[in-house]
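So here's one chain in two forms, each on its own in structure tokens, numbered structure 1 and structure 2.
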Structure 1
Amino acid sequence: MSVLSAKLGLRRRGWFALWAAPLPVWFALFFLGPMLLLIAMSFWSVQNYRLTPDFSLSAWTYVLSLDFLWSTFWRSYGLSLLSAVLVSLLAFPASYAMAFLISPARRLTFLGLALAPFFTSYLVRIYSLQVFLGEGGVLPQLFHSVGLSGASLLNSYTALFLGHATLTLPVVLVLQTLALGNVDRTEMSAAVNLGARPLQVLRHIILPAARPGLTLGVLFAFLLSYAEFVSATYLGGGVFQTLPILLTDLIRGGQQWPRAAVVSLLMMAVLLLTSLVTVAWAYRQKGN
């Protein structure tokens, strides 16, 4: 019996290992492998427009010595953070209504409608915004009809924010709705019975309980906006130098892939640090 039990245990562990294998294999192939290649490439050099796999610090020295690197970094970080906060504030009333004011069946319908934009290409949506925001477009004509300036809204911070909102708003809506939907209704009812006003219930019951989901919504909006290239190019017109545009400029300027790898690693380090700090704050215990 002991030998049979040992064989069954070994077979069971083998099946467990087989079913668990896809995750580490996927992680190694599509994350760890490219990450190691990117790190190695940052120490390569370009000679006669050819990528040479050697060991050189020239790419790091060049990128870190750029005068406009840190201004570009803070511009990208600030624009992404501002877009994330504004999109989250814009999405909150709709998320609140879907979580508390409509039935679960209708909530699923509205969430499905919120995700509908993902059924079309993001690039197509950006081209559509060009029609709305460009000279003679829908919004400039509407502004002109009420006596405001009818100039094109392209190549502006407004256009860039609308592009970020097009990408991030559906994700934030879903995350906020799920977070608010999991708030304990009994605590809300108890607060109301004790005489709490709606704003007090929102501040002291709903927001603390939904803090992880709401914070993750802001984080996802920030992550998507920070590395976003399409809006900065086609709506911002490349006027506002951001890190993704800097990446393309480095590659176009003599196939400088090592320099682009350095900028990519800096971006990833910033995103990782921001994510760790944000998640730690979102899930910290009240009073700590």
Structure 2
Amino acid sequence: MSVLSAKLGLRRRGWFALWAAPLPVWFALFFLGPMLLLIAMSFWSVQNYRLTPDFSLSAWTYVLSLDFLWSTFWRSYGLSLLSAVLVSLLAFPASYAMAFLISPARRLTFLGLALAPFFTSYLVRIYSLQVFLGEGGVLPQLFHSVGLSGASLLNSYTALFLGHATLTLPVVLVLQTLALGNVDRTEMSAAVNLGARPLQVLRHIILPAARPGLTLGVLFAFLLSYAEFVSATYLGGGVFQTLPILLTDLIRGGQQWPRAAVVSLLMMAVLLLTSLVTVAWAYRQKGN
């Protein structure tokens, strides 16, 4: 009897493990493993062009003492923050239209259409932009035909911004539309009945209520732009040296992986800090 129930218990446990174990095991091996290796590797040394396990601070002191690292760091941060704010402003009227001017049934279709490009070849869309903006491309040609300069628009912040927008608009649009869609309509009507003008409703009811979602939109746009190297390379054209470009160069360049690991960890730390501060601000209670 006890043997049977023990067998049953074992079977139940096996059934449970069959479902509960695969993901944690896979992620521990192939996600936590590599990430921990990255931390360890930042303390390794390069001897005779060979990566050698070690406990050395040489990569840290080398990277942290580079002047251009810090200028690159702040440039990266500033550019992606600027793009995040501008993309959010660009997306806001569209999200407002989807949340308030379009019927809920159609809203889902629009949201689907807005999100779909997020999953489609980002590289080819950047190539299209390159062709659009480059010398003799569609936009310079159009500008030329109306009497403006027909010079290439590449290697400018405008080009970089369009690249960032290409990447982040879908996510920002979805987050903003969901945030605006959840604003309490009765509160809005109440404000109107009490004599609030439309602009007051927007400022005092809609924006505060949607603040968490709108802030998350800025945050995600920032995270994605900050980590991105394709637009910065092929649209910004090296005018904007950013941390991810520096990182790709370090990795592809050869054996300086400990230094690359240090830059990676710096990036992660900054992202983590920025996310924590932003989320805390987004969900802070009114009146604090």
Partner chain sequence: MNTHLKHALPAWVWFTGLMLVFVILYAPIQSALVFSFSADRFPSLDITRFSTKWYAQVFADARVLEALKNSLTIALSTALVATTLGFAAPYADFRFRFFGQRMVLALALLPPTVPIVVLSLAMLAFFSRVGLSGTVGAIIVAHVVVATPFAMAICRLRLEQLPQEYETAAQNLGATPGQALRLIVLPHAAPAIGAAALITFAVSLDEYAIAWFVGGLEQTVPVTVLNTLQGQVDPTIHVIGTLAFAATLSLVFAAQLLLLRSTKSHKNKEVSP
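For the two forms, the rigid core is made up of the largest set of C-alpha atoms that agree within 1.5 Å on superposition. Bear in mind that the values here come from a model prediction, so they are computed numbers and not experimental data. Every residue number counts along structure 1's sequence, beginning with 1.
Name the structure that is the form predicted alone; the other one isn't. Only structure 1 fits here, because that chain is the form predicted alone.
Taking the rigid core as the frame, does Leu64 move its C-alpha by 2 Å or more between structure 1 and structure 2? It does not, since the Leu64 C-alpha is displaced less than 2 Å between structure 1 and structure 2 after the core fit.
Provide the displacement, in Å, of the CA of Phe31 between structure 1 and structure 2, taking the core as the superposition reference. C-alpha shift for Phe31: 4.2 Å.
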